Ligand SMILES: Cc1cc2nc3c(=O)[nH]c(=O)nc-3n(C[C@H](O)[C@H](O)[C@H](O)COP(=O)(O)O)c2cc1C
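Form predicted on its own, single chain, as structure tokens, below.
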């Protein structure tokens, strides 16, 4: 089987967590002689090739990070330029990755993706959801390999089934909701660790202000 993979991430490939996930998925998918090609929408020079690949292949996977509860704008722009296929047996699957640990955060996006293939003249081949991936590009190689190992396994699964079976995808996406005990523990301890961690990242990125600043709060409380 030949699989076309399109990355809808906005970050350039070297800095993209989605790119790392795609590479792990490819590893599992290609084990038994299957082949892949990958196109990155963050590079607009690749859009024509990505469009041609979509039009001429029957197995397509689109991977992207959750953005404001749905798909990134760059991906929506690309999709709007595609023409629906006719008399096609194309299967279209998706991978959503995000920083939120709970799978429920991605369900709104998943509902949209379930409708999208029909609009493009394709068959829906499932959606794989995985949260808590924000730190993927910040951990050491050993921990990164551990985080990516499940995607290697899902690459094998997709190669065998040509889709993401719902019961497998649901198990992969856990937790759907964080346990109350874990939420209480985070409120007591975890949020302080997170505050320090995010502050360190912000400084490295050149942020000089307070992360808790609310510059528009006065206008909200005192509308004109």
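Numbering follows the first chain given and starts at 1. Quick caveat, the model's predicted, so the values are computed rather than measured.
Although not depicted, the form predicted together with the ligand is the subject of the following passage.
Stretch-level contact analysis of 149-157, 74-82, 93-101, 111-119 against the ligand in the predicted complex, using heavy atoms and a 4.5 Å limit, identifies 93-101. Proximity to the ligand in the predicted complex, taken as a non-hydrogen atom within 4.5 angstroms, holds for one residue of 37, 69, 31, 170, which is 69. The ligand in the predicted complex is not approached by residue 125, whose heavy atoms all lie more than 4.5 angstroms from it. In the predicted complex, none of the heavy atoms of residue 203 sits within 4.5 Å of a heavy atom of the ligand. Residue contact check for residue 208: none of its heavy atoms lie within 4.5 Å of the ligand in the predicted complex. In the predicted complex, residue 15 approaches the ligand with a heavy atom inside 4.5 Å. Residues of 133-168 lying near the ligand in the predicted complex, listed in sequence order, are 133, 134, the criterion being any heavy atom within 4.5 Å.
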